[in-house]
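Take a look at this single chain in structure tokens; it is the form predicted on its own.
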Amino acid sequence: MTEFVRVEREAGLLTLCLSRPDKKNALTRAMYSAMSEALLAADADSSVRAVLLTGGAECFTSGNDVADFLQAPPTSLDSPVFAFMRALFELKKPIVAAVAGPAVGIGTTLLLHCDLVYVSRDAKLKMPFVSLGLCPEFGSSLILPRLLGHAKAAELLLLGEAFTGAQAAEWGIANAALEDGPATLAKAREMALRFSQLPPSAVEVSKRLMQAPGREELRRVIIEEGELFGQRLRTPEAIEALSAFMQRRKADFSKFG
């Protein structure tokens, strides 16, 4: 485990709280591993009725810690980031997300696999994969065009345009947009605790039935995206983009054609 992921239990609710505020909850390999272990343990624990994932009242996550990512990029689908994706994708119990502040990259795409999502109105969500020389991940290239239509999905995935929590709720990515971070956390916790009062097997079966249509197609897309993402990390475009990010300069793609 890692001190940057707090695990709390209360009345059948397992809360995973990202806790690295000085780095805007940027995700490291250790954090992915800690979350994967907690999700797998939650699924095997009959006392856990639901999982709440949050980054606190001010920041969800700024995405991958680029320095950590460059030091040991994912080289296979067994890498910590992909193991976390699998654990979340396969989770049988309901998962609720509370999002305030920045939600970048996987901080946005993971929401597409949560059962309930609550955001602060001024949350800023963004998927800047292409601008980093990469490609969409975690099934976003399949889910977002179907949810929003190709044109809107292209703005978000190809151009990497940011959007607010209010827009996320309007577009169906989130259940509701709340006034601020504390209100978002309170609402998400309230809704997550409701699962403790419901018959657990009925919840599990109902979630499985809701996910069943198209699930194998989505699984294949997640694997394909993961393989391409790993390949793209080694391309000159990605190396230039990520180096520019680390050096706080504008990337120069003029030499690529």
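Position 1 is the first residue in the sequence shown; the rest follow in order. Predicted model only: the values in this text are computed from it and were never measured.
Here the subject shifts to the form predicted together with a small molecule, a form of this protein not shown in this document.
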Against the small molecule in the predicted complex, would residue 181 count as a contact residue? Criterion: heavy atoms within 4.5 Å. no
Q. With the partner left out of view, is residue 160 within 4.5 angstroms of the small molecule in the predicted complex by any non-hydrogen atom?
A. no
>> Given that the small molecule is not shown alongside this chain, does residue 177 nevertheless sit within 4.5 Å of it in the predicted complex, heavy atom to heavy atom?
In response: no
Does any part of residue 94 reach within 4.5 Å of the small molecule in the predicted complex? Heavy atoms only, please. no
As a check of understanding, the residue in 222, 42, 34, 26 with any heavy atom within 4.5 Å of the small molecule in the predicted complex should be identified as 26
As a check of understanding, the residue in 156, 85, 173, 132 with any heavy atom within 4.5 Å of the small molecule in the predicted complex should be identified as 132
Of 71-79, 85-93, 102-110, 144-152, the segment with heavy atoms within 4.5 Å of the small molecule in the predicted complex is residues 102-110
Please state whether every one of the three residues 22, 65 and 245 places a non-hydrogen atom within 4.5 angstroms of the small molecule in the predicted complex. yes
